[in-house]
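There is one chain below, alone, in structure tokens, taken in the form predicted alone.
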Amino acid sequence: MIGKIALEEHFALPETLADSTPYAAGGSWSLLEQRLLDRHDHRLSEMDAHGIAFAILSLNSPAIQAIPDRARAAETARRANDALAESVTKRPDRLGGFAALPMQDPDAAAGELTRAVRELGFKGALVNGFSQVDAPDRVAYYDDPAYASFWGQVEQLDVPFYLHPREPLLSREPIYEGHPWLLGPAWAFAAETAVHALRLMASGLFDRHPRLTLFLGHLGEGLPYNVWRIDHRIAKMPRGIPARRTMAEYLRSNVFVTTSGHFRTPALLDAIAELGADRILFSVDYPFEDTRDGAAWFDSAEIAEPDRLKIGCLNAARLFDIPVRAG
């Protein structure tokens, strides 16, 4: 398929680059480093070779979210967004941006998102999970009441919030100790992000802000495949949950998922069955995944052609006002 739009595609600043060293497959750090720092040359060549017309870029993980100092987090986020905006300005026909946000300070995060959207022309925000605040072992999740005004501003700006994974802190999750193969994309990313997303839904966030849009990568971090059981057991064990609706209802009304890093047709078909093709968008997770793998799988996946067109480009074109170049 020609004309695909991808929206979980990453870059790094020199000062955030080291955060990605654990995810260099097979010792290929030099290649990953080059591709994270490159925002035009090889990246655009890869897009051209595999039918991707447009990509929305975002900062690598955890980056800003792992800077406990609030002032330094805000300053680094601003520099990351300015650097990305400069790259987008050079190729606005091919690239867009998601803002990095200093979620350590909800007011600063709201201000930076407003600047990024209104002044830099960004498409929304991508935040790498929970934030460490003031101390390395003190964390914040965004269902906390301190973020009430932040979410109001996100809704007012009418842009999506992409909740991207990060590694859990081993001091808080000792179950991973001695089992490094379960960390990162293999398991911990999805488990961490799914619980965070459920906290947001269960908090009543989408009742208070019904126009708010949440994005989840990796075909929904497992939630589409578990949501029936989640709702089934919540209903049988009422515990004063603040949410007015079921988790499945929020998934179908306020959440979009992408195919980033999850190139498996049965999983995609299950997501289509649970959420509908209108709520799924193509992505690769470049450069942590190979563009060839993601594009070749999607182009040949045994799904209905109208669904392929929606997922590959039409949904993103509608949501982000991107010209369609499908063919």
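A residue's number is simply how far along the shown sequence it sits, counting from 1. Model, not experiment: these values are computed from the prediction.
Another form exists, predicted together with 2,6-dihydroxybenzoic acid (GRE); not displayed. Remarks below refer to it.
The partner is absent here; in the predicted bound form, the one residue of 189, 161, 150, 250 having a heavy atom within 4.5 Å of 2,6-dihydroxybenzoic acid (GRE) is 189. Although 2,6-dihydroxybenzoic acid (GRE) is omitted here, in the predicted bound form all of 23, 218 and 288 have a heavy atom within 4.5 Å of it. The closest non-hydrogen atom of residue 10 lies within 4.5 Å of 2,6-dihydroxybenzoic acid (GRE) in the predicted bound form.
For the chain shown alone, residue 185 is a contact residue for 2,6-dihydroxybenzoic acid (GRE) in the predicted bound form, at least one non-hydrogen atom being within 4.5 angstroms. Under a 4.5 angstroms non-hydrogen atom cutoff, 2,6-dihydroxybenzoic acid (GRE) in the predicted bound form has residue 61 among its neighbouring residues.
Note that among 296-304, 280-288, 42-50, 63-71, the stretch whose heavy atoms approach 2,6-dihydroxybenzoic acid (GRE) to within 4.5 Å in the predicted bound form is 280-288.
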